[in-house]
Ligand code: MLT
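Next comes just one chain, in structure tokens: the form predicted on its own.
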Amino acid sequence: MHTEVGGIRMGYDMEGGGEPLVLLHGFPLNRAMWRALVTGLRDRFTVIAPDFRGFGDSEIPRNPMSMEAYAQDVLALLDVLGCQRFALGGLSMGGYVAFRVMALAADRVSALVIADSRAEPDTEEGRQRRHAAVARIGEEGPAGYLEEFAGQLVGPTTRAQRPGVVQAIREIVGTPPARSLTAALSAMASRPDSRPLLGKVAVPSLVVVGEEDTLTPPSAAEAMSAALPNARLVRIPSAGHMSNLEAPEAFTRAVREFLMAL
């Protein structure tokens, strides 16, 4: 599905019935990465999964983006859908955007799920890597970068034992436009420090991390969980940065048990 939001087309899925749950995807994927979780939760929740601007069925950004701009898009879509209060989940870049949603509209969020993400901003080294990726995409186009990056998203167990997951990730990623990728990379490089928000999160929170995640490692998840006033931490064995795709049953079970206990 898609609709007009603030003068742009945004793609989204909305399935199920019950309390709303909004899922924010990782980079450089789109809402299709949530398929297993949507299927596993739509019997009890209305699951809404938007595409960020420039990904999936959403329009390419015309201007530079920020995590706050992506968050504003999400909130505007929820306004169009008539969704005032919702549980919120995000993985990787989706977690960064989720923190900005909390900064903008904490009173609308009933519960928070952060998976394979971190609250702190990029280090200087991390920013340099993202800027180098922007330059590479500008010079070579997206294909080589996407092929290389997709292989980094999973853990060694998945690479060795579940090679089909890497191919599935590549298929979900597809061929996003260069401008979409560079806008998101630049926005992630300049994102603010969300750690000051953590102590103010008044709602129940779930932090999920793949034990083999090297991009946002378990230590980052542990730090978030410790800083959030009402949080539980779930570590998923034999999974890397895309824990929801590498271990979909374990990921779905963790989120379902958390939400059902509220």
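Source: prediction; values computed, not measured. So that there is no doubt, residue numbering starts at 1 and follows the sequence shown.
We do not show the form predicted in complex with this ligand, though everything after this point is about it.
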Practice task
Indicate whether this ligand has at least one heavy atom within 4.5 Å of a heavy atom of R162 in the predicted bound form.
Solution key: no
Practice task
Consider L41 of the chain shown here, and say whether it contacts this ligand in the predicted bound form, taking contact as heavy atoms within 4.5 Å.
Solution key: no
Practice task
Spell out, yes or no, whether the shortest heavy atom distance between R100 and this ligand in the predicted bound form is within 4.5 Å.
Solution key: no
Practice task
Examine F45 and determine whether its closest non-hydrogen atom to this ligand in the predicted bound form is within 4.5 angstroms.
Solution key: no
Problem - Which of 26 to 34, 225 to 233, 58 to 66, 204 to 212 sits within 4.5 Å of this ligand in the predicted bound form, heavy atom basis - result: 26 to 34
Completion exercise
Assert contact residue (this ligand, in the predicted bound form, non-hydrogen atom within 4.5 Å, options L112, L77, V154, M93) equals M93
Completion exercise
Within 236 to 250, the residues having any heavy atom within 4.5 Å of this ligand in the predicted bound form are H241, M242
